[in-house]
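Shown below, as structure tokens, is a lone chain in the form predicted alone; questions about how it binds or moves come after it.
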Amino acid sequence: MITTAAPAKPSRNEGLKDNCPTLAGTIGTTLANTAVDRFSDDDYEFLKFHGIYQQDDRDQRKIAKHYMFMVRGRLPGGLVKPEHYLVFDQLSTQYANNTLRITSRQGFQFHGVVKTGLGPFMKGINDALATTLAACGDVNRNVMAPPTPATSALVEQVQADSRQISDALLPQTSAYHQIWVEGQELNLQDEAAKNFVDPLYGKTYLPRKFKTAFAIPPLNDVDVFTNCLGFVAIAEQGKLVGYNLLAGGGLGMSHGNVQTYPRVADVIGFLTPEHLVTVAKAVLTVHRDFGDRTNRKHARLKYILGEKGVEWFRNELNERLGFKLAPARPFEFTKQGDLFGWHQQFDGNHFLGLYVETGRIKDTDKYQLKTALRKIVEQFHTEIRLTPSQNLILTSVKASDREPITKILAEHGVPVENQATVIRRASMACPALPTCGLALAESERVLPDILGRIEQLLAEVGLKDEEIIIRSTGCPNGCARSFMSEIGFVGKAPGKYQLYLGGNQASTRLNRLFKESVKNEDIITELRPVFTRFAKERIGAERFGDFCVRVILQETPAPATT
């Protein structure tokens, strides 16, 4: 007797999307119900598509669950218009925790919004003609692009293309506008609502999230290889001639699950600018049609590339396009990271790169960055750009405005020169506790202390002021891209981290697990012999990550993961 296994059932989320393709759920009804402080578990999933995560204050869990919301803005290329920034600043004070958190995807997150303030908060965002739609959920997320207007207009062209792709990949449901702008509740029994099918995403959208980024060699400031879809600008004589297409990157994994793993994207081919939207949609629909809808941990585009192969993907893509992509053009990335201090733009104006510790714009007794930025934007109507490394840039500043802007910053304890040590400028951390429900360990709140201890150790072994890219995440989802750093800390349990070594300066290489579980208090003990050897055995100006690949990781078998 021949039997065949029953096909795996779609995940719970697939059923939710299928039953409510407008993504409205009962959000409107619950929003109007002041007797409850949270949304249902089903609406928890729908809220993500609206740019909202329902969370609770994990510092208070021993007392009771205090529900609150994280709201994420959609800001393609990290571009924040002056009028938008002032609204964001005001809303963060009035309805959130009086901080703005720069994300690793060039957006803003607002933490600590309670349910009674969620409606007014979202109305304020949309009244300013900004949006949070598709900042989360099983759709294309915020599109990343190089933010620094340094030496040519190429950055502005690529920024414009990032906005074009962001608009082209936006879901078309009317639920967002009706709930948050008009304050109406959708009739879920209405035939139009029940039968709505998004023209690009289909009725059930994507199996999981989808991430897109643009990069301009030789600077890989967006970590383009970590994205589902990447466009690498190819220029001739300073003019954009097209893009190399990358596909299949992604960093999220689950501890102990060998089906999940970080992966860098593959180079697929070359396209000219007029095909940009067509190619982006085609790549997205491959994910839509072939992604794993039975297991959300295995549902990213990277697993399709990893398991079906690059040639399969290329052939499938060419068939959907109706033409073949040209062979990829040569390109090279040599570095990542941001510029700090004052610099001249390609157009003669100036820009100021400002370091923001762990991406948190806030005021303290000695350092009032939030107040200073508000004064600067109010007085000079300055555009702000958020960087993929969680810093910010004031752009298009007149030469005559440099001195008064510097003065305002100084009056609020914010330096323009020597803003932070080289280690801190090259670091990143995700928010983790107490807001993120996925966090297994601290990240943002402990990284400054960890960096201080590492700086002291480097000085002890004769490596003072050595730049090492260090990133920390409170769980293995990799939001701060810790799997690409020279040193990566990945939360394993309270106070414990996996320790990864071996990323490179160009951010084109995954690091490797070095220690399966290290207590926070033992981090220096584990790094001391590695740094000592690095100081003695490095070749010339060899980077720490390259040394680890050449020496340390060759001698150290990968630990067995649990």
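Counting begins at 1, following the sequence as shown. Since we're looking at a predicted model, the values are computed, not measured.
As for the form predicted in complex with a small molecule, it is not shown, yet the points below apply to it.
Taking non-hydrogen atoms only, Arg300 approaches the small molecule to within 4.5 angstroms in the model of the complex.
Not displayed here, the small molecule is kept clear of Tyr67 by more than 4.5 Å at the level of heavy atoms in the model of the complex. Put simply, Lys492 is far from the small molecule in the model of the complex: not one heavy atom of it is within 4.5 Å. In the model of the complex, the small molecule sits within 4.5 Å of a heavy atom belonging to Cys479. Only one of 344-352, 78-86, 101-109, 362-370 places residue heavy atoms within 4.5 angstroms of the small molecule in the model of the complex, namely 101-109. Of the candidates Leu245, Ile469, Ala135, Ala215, Ala135 is the one whose heavy atoms come within 4.5 Å of the small molecule in the model of the complex; the others do not. In summary, among the residues Ile234, Cys436, Leu271, Leu394, the only one with a non-hydrogen atom within 4.5 Å of the small molecule in the model of the complex is Cys436.
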